[in-house]
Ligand code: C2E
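Encoded as structure tokens, the following chain is the form predicted alone, with no partner shown.
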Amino acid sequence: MLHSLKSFLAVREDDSELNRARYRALNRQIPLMYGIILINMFMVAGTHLSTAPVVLTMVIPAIVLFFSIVRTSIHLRNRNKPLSDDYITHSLRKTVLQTPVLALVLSGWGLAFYQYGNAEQHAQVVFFIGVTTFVCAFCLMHLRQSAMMLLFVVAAVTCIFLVSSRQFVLMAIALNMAVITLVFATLILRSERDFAHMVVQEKRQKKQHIRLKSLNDENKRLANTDSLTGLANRRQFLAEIDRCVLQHERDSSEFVVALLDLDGFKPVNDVFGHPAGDQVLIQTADRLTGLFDAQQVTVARLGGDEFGLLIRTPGADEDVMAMANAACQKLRETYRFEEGSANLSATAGMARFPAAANTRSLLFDRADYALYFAKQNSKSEPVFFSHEHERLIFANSALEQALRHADLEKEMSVEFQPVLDLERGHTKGLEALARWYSPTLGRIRPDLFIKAAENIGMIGRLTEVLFRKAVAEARHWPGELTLSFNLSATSLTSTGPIMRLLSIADQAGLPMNRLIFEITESAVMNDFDSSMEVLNHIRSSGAHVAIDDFGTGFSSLAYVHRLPIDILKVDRSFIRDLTLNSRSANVLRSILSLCENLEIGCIVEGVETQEQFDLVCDLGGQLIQGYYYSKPLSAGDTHMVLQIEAETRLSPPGSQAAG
């Protein structure tokens, strides 16, 4: 019994979070408690000035006043101060020890007046003791030890005093007070239990928030870091350029973007294998980071054997050229690895902001064009983007002119690349891929003519032509197969373009639930609010939304969970090194886990080898797309492949072998 009481009254040191919550609550309520005690004491003392001795009416209230001022000032002084767990535990224990003294003072002082005055004053004394006790217990309710001791000490002393009078009315008051004390004690214990539960829940939520933030930070770090070299990746590099553009708007500062490409890297992979190639890339990263101050130059691996330099304080063109020459010279040094050694060189293309371009995308394109020009004309040397290069770019307008005069219905076509459902072992759906064969220019790469169509404002018309052709084929597919179609950024600026596409599908008789519209992260972030409106319209129609090339854009949890999407398509850049680098596998594992937590689908793009396929399966991937399963197929080949697949699934086991 004594052990249980001691355990109940103890303030445990291991409940630091709960103790802090109790202390904060007491800091707010104890000053109020002392105020109520003083007001009630002065009321009782005031009505007994003419009948009770000075010790009761003046001296004791003055002592309590002094004590209350001291204790209140301590609590007010500590309200906003950082306090240690030891101090808080000591303060709570001190409050527990002081509570019985306070209880005895309240009950003893109040009952001492009972021998003075008339019946009305006796009633005031009982009222004072009861009200003051319950209010003080309420103020101390978050420290149950103090609240319980105050209630039961005062109640015990008062009830014994009243019962000892042997007056029926006073004995009834004592019984009433005992019952109310028990009820009030039960309410306080229940309230304190709920308070402790709430603190525990908040602690758990805080830990969960920290874990989620840690996971988010880790995903962000992985998404911003090249898994092989540890350098910033393309996403991070482009984000750094964006920050420099914003800085220029504030102080008109200039910066230079330089793109470097290793010459002779492919033979290293072909002759010595990918591990040797990885060693070359790692050594390249080490050489570049060792050559430049990280505060002045950001070094990034943009993909493959292409690296980027963001030079924040470039100086004159001659200074930048000297830096690029130093980088190229450093990369000419012999590379040594376990399988042998190799001598490589590097070519660099550079563009200055804002002289060469006043936007990030155009600046990057012009640095890339300078790199392309250098490779074609002055290999292994750095080249600055110049007005001559700009003139050459204008020559590419032939593509735009050909597109303007093209017979889109006749020249444009669509191929389809299947998506494999690993669980079911057959095609889940097909992605429509645009193709253009120009009578004057021949076959044109999709990225080139789509970009040209966007530049000249033809993308809407081109999209509708391609979508109509894709839908015309898809409506003949088996009912469960989906059609994926890529939307350009301009299609996300308003609901008009998507409404026309949905109308085309409806008129062709293709159910909306078989449509998947693919968008890129960067397209969404160009105009997030407009994109959200378009995506919500797509979802409300019954069609689905997929994020294409996930990992090359923003890849932030801060916005992914806000988008009305059904599928993430993991960019092929994460799959390229999947079998050679554990970090790539960790990134893919994180994305698959993200999709599972968000309850959305995940398609792994770029699966081209058996090893990649096996590893994606081991990591829990369910949907894959890539050359390992199928290259893009013409409409005719698609129909034939789907027919064969359907017949294979419908054939009874062993029928093929029997044939």
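Here the rigid core means the biggest group of C-alpha atoms that line up within 1.5 Å when the two forms are laid on top of each other. Quick note: we count residues from 1 along the sequence shown, nothing fancier. Every value quoted in this text rests on a predicted model; they were computed, and no experiment measured them.
Another form, the form predicted in complex with the ligand, is not on view; read the next lines as being about it.
Site residues Asp566, Arg589 and Gln622 are none of them in contact with the ligand in the model of the complex, judged by any heavy atom within 4.5 Å.
The ligand is not drawn, but in the model of the complex it has a heavy atom within 4.5 Å of Pro446.
Put simply, Arg435 is close to the ligand in the model of the complex: some heavy atom of it is within 4.5 Å. In the model of the complex, the ligand stays beyond 4.5 Å of every heavy atom belonging to Ser107. Mapping the unseen interface onto this chain, Thr99 falls outside it, with no heavy atom inside 4.5 Å of the ligand in the model of the complex.
Residue-level contacts in the model of the complex: of Thr181, Asn219, Asn486, Thr89, one residue has a heavy atom within 4.5 Å of the ligand, and it is Asn486.
The contact with the ligand in the model of the complex, taken as any heavy atom within 4.5 Å, belongs to Glu431 out of Asp577, Glu431, Asp368, Asp261.
Looking at 281-289, 166-174, 447-455, 244-252, the stretch with residues near the ligand in the model of the complex, meaning non-hydrogen atoms within 4.5 angstroms, turns out to be 447-455. Shown without its partner, the chain has Glu605, Gly606, Val607, Glu608 in segment 593-625 as residues with a non-hydrogen atom within 4.5 angstroms of the ligand in the model of the complex. For Pro446, a C-alpha deviation of 2 angstroms or more is recorded between the shown form and the other one after rigid-core alignment. Val465 shows a C-alpha shift of 2 Å or greater between the shown form and the other one [criterion: core-superposed Cα displacement of 2 Å]. Comparing the forms between the shown form and the other one on their rigid core, the Cα displacement of Asp571 reaches 2 Å or more. Relative to this form, the distance between the C-alpha atoms of Glu339 and Ile575 is increased by at least 3 angstroms in the model of the complex.
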